[in-house]
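Form predicted on its own, single chain, as structure tokens, below.
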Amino acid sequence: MRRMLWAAALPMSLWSALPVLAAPVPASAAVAEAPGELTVLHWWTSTSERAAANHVAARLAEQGLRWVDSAVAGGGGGPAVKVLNERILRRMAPKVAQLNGQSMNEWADMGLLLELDAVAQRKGWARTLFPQVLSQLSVREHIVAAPLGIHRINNLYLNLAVFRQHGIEPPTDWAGLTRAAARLRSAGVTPVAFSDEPWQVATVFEALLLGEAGPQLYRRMMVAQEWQAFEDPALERAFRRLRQWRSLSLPAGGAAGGAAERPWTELVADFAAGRAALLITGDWARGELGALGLEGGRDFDCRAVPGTAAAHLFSIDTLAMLAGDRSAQPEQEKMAELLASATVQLGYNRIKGSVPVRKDVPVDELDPCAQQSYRLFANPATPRVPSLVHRMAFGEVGKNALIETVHRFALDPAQTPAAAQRRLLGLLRALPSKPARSAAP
């Protein structure tokens, strides 16, 4: 009876993993951890992401904590979340898991996450962390995760060597990008690096949507979840812009076959090698470019997607501590303290491509692109808007509805932007009227 009640209380996102319970789990399958060991489930598997995670692990080791790595490959974190679901259902939960933004709501509501209020108070997080970061860490006024870094999503990268080679001035607006793309293609260079992987398509789309809608309308859509806002012509324009941008990644003449579902690391490699000149993605790409030996300002330029220069479309990396039997709570709290420390913040973000979550760190040690992102986020006048694709706004169902709609549109040339807008509006209207956690502007 107790088992039935426990299962009935599970978050909806866990039910997709229920078939794993059909086979009995031997007691020996439980994860055995020695004192001071903390298994960490995450999806940081690229070269730069691994290096950033290893840096954190080394800093923890200096304090007597051992990071036991449990990485699950897959951009956007979808596969890792499925593995986490399965492990919780099998009573094999890790001590620490990468959970971001809105996805923490239902986990925290079911008591699966350790509350870190004491840590936050002891280390003065309300004073040292950006308010937007605290907002993303909080559920029902309790801190339920430790922050690692802030990513900016609305970045446009330009391979400066390619532009210099062909005598093209790096463009600053859509008209210039279109002209530059035509010249690049005539010179035999694929203008845009693009992947048809669903989360990557939607990441480009939300940056384009911010440019077409502006921060205020974007917030009405993604934060306030006003369905009327999705009827605005800006949404149709964003779909049209997505189709135009994707077409610049296709062979001349738009040959069939599409852009293919390629890992984001392959796009960055193409961009770094000069096989593509332009790339829209989050600044995790900058970490990978650094791992490939490229330097911002010298080898590539990082600008905002046209129309979004004043705004910061953000995603925040966080690690949640799984409650379990609370036997590891002292170690988990110690880890949370270290993750938010100034030393770990600078080291991790310098490698990862993101920027620190603290207001009191010397960012002159970061590269020019990171300094620009940090100072923009730190400026109280900056419109800061949460990424839907990366779980900063909406729950999993709403996020998946948008990603599925955008992805289907990108792959179906017969679907019009207006039809995609109607489809998305219909799907979102069907969602339960449960407001998401607010994101501070």
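All residue numbers are counted from 1 along the displayed sequence. Keep in mind that this is a model prediction, so the values were computed, not measured.
Below, we turn to the form predicted in complex with a small molecule, even though it does not appear here.
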query	finding
Answer option from Gly307, Gly76, Pro215, Pro170, heavy atom within 4.5 Å of the small molecule in the predicted bound form	Gly76
Answer option from Trp284, Phe194, Tyr157, Phe314, heavy atom within 4.5 Å of the small molecule in the predicted bound form	Trp284
Residue contact check: Trp174 to the small molecule in the predicted bound form, 4.5 Å heavy atom	no
Heavy atom of His390 within 4.5 Å of the small molecule in the predicted bound form	yes
In the predicted bound form, Trp199 touching the small molecule (heavy atom, 4.5 Å)	yes
4.5 Å heavy atom contact, Trp44 and the small molecule in the predicted bound form	yes
Heavy atom contact within 4.5 Å of the small molecule in the predicted bound form, the stretch among 176-184, 331-339, 128-136, 94-102	94-102
